[in-house]
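Only one chain is given next, in structure tokens, and it is the form predicted alone.
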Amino acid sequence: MIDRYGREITYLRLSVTDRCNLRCRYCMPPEGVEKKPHADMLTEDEMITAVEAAASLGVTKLRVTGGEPLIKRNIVSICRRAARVEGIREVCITTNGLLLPEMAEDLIEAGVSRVNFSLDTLDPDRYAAITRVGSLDRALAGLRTALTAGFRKVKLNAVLIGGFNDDEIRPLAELTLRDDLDVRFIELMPMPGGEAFGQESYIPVTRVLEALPGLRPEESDGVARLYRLPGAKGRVGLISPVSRHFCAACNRIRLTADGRIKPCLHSAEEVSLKGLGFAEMREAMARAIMDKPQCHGELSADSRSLSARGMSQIGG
């Protein structure tokens, strides 16, 4: 489906849960999110109906997110059924990887072809600090599983935070020397719940180019500008939602775990699909696509996202 600004919407990000087994400081409050009544959340059948509605409007790519999607007990069933929806060509998943060693084989069998792995630091103490409860050893075991299990593509997403991990740009990027892995640096976004991060935390991804002058540009992939270190098997990506937004090329919509379509991550506008059948979902989804704004407002430490929710409640 083409929105009113000429963008073809082909990508749905489906959050299957707003809960997580980590408490990352830019995403989750220390106590986790408030648990909603089960009746307020999308059922598995409603999720699949929403995917079918999206596919009927031209969506071909589905990314399953959370919270942490692998804590969802029926996650494999959701992925399997979604992969079988007519028109869906690719099912991907974003995870912190802690549960991946036990689940990778089942996910691949279910039709998940790509994994985005969230990891902001290679330092055990920093990992414990940013996640509040996490173990770097477990995360790295998950990453190794992702790279060896047979997924068609693995990407590592690192949120770039000034004063926290900007001195780890090289070691993170050098993971691409050994493995066919895309390491993507993403600018910290001023989302609700991230008020603890000061002005110095919001640094542009151009710092990566300054830290790695040997990077050579390659053809871009969606929202990421891609580069390669000399001799590397994988690539380095730069994603700049704050300093150099990509709204004109945005091809996605998001569906939250409680059934609300968000046409734009940084808008408060939401359209509820909860309790609707296929035809009603399709109509509501089409309306949300046509209401997708041309661009979000300015983002900075002083100009925060207008979203009414934090990232864990939306889907990463």
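From 1 onward, residues are counted along the sequence shown. None of the values given here were measured: they were computed from a predicted structure.
Beyond the structure shown, there is the form predicted together with S-adenosylmethionine, which is absent from this document and is the topic of what follows.
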Of 246-254, 51-59, 278-286, 22-30, the segment with heavy atoms within 4.5 Å of S-adenosylmethionine in the predicted bound form is residues 22-30
Is Asn157 part of the interface with S-adenosylmethionine in the predicted bound form - any heavy atom within 4.5 Å? yes
4.5 Å heavy atom contact, Glu187 to S-adenosylmethionine in the predicted bound form = yes
message = Contact with S-adenosylmethionine in the predicted bound form for Met191, defined as at least one heavy atom pair within 4.5 Å: yes or no?
response = yes
Under a 4.5 Å heavy atom criterion, is Thr145 part of the interface with S-adenosylmethionine in the predicted bound form?
no
S-adenosylmethionine in the predicted bound form has a heavy atom of only one listed residue within 4.5 Å, and of Thr176, Ser201, Thr94, Thr121 that residue is Thr94
Contacts from 50-66 to S-adenosylmethionine in the predicted bound form (any heavy atom within 4.5 Å), listed N to C, are Thr65, Gly66
